[in-house]
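Starting off, we have a lone chain in the form predicted alone, written out as structure tokens.
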Amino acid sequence: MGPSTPPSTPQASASTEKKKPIAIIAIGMAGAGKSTFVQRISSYLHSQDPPSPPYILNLDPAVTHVPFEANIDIRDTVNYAEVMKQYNLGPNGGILTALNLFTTKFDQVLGLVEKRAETVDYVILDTPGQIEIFTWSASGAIITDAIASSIPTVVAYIIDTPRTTAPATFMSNMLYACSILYKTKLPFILVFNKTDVQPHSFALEWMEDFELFQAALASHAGSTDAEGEPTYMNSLMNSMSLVLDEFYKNLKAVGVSSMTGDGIKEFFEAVQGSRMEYENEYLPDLLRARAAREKTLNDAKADSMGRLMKDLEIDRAKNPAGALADRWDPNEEEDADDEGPEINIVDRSEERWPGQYVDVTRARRHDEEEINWPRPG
């Protein structure tokens, strides 16, 4: 008998697996502080020992300045102003169309991300300020599914805490968060931002005890009509608080301040805890859904090809002379595909240097800003 091969150990198998970073998709209402939050978590990762710079993607084509240096910036690929002019669009339509155009080249983005997978721990996506453009568009779904199918992915839903103290606004944010969670089907973290202005303890209490939320709702102005009866909106929010009670139990929530940096460490602890959740619960469903979509697409292609070949056979039987004159030169088609300029994704990683990220607490106005904004103090 020949020498037996030793069984593979977990250490050996783990060493052969490629390291995968975690993708963080920052989503939130306009003004919630997404870009400032991305800058703060980038600054936090740079300050670690040893430093762990993230790989950042800016997906907002209409932003003028961002407080961080993006490795891949949609503005390097698509000119938002030109898109509005050429397609005769308004601001939101221009952002949506620019994002659609960028998505057609997202395979290049995934290729660049995969090249950096061995050297970075986090990939961060800053989405457009108009939340519905990313969360409810086809391009947003394509980007989310493509990233989530490649590397572990977490959705960070940024909430403007000072503007959520009213029960109606809080309920609106929670309903939107619930809809995004079930649409993306990814690990989800509620990030209560701006806790330096308003602590988020009230929100955690409302999420943990719906009776406290109902009491706050009853004491809020406009909860009853002229006859002292609960209004329709009051009754609706009471019912929704009971419905969302199960939603809150399986949700991670952290409070952060993008200005002071409080809570950023707890946020990354929640992100790390979501990796195992992604691999055990979310990834299998994503792969099954992806396989089902590919099977449907392949079946449709096979059906179309079968009908085409059947039509060709009938045509050749009716017109044999025409079939002999039918020739195809593959070189001509290759030349036709090369016409026009090729738009490629720009990776700025080669231009980075240590400490390039911006400290937003010390940020100054850019020279391009011609408006004299008032400064406090």
Ligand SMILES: Nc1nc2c(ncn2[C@@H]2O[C@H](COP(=O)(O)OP(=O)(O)OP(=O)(O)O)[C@@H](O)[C@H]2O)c(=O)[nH]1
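Quick note: we count residues from 1 along the sequence shown, nothing fancier. This is a predicted model, so every value here is computed, not measured.
Only in words, not in the display: the form predicted in complex with the ligand, which the text now covers.
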**Fill in**
In this shown form the pocket that the ligand occupies in the model of the complex, once superposed onto the local C-alphas and checked for 3 or more atoms within 2.4 Å of backbone or C-beta atoms, is open
**Item:** Contact test in the model of the complex: residue 274 vs the ligand, heavy atoms, 4.5 Å
**Value:** no
**Request:** Please run the contact check for residue 33 against the ligand in the model of the complex: heavy atoms, 4.5 angstroms, yes or no?
**Result:** yes
**Message:** With a cut-off of 4.5 Å between heavy atoms, is residue 263 one of the residues that contacts the ligand in the model of the complex?
**Reply:** no
**Message:** Just checking whether residue 164 would be counted as a contact of the ligand in the model of the complex - the rule being heavy atoms within 4.5 angstroms.
**Reply:** no
**Asked** With the partner removed from view, which of 87 to 95, 187 to 195, 148 to 156, 265 to 273 is the stretch that lies within 4.5 Å of the ligand in the model of the complex, judged by heavy atom distances?
**Response** 187 to 195
**Answer option from 71, 144, 257, 173, heavy atom within 4.5 Å of the ligand in the model of the complex** = 257
**Prompt:** Does every residue of 29, 60 and 129 put a non-hydrogen atom within 4.5 angstroms of the ligand in the model of the complex?
**Reply:** yes
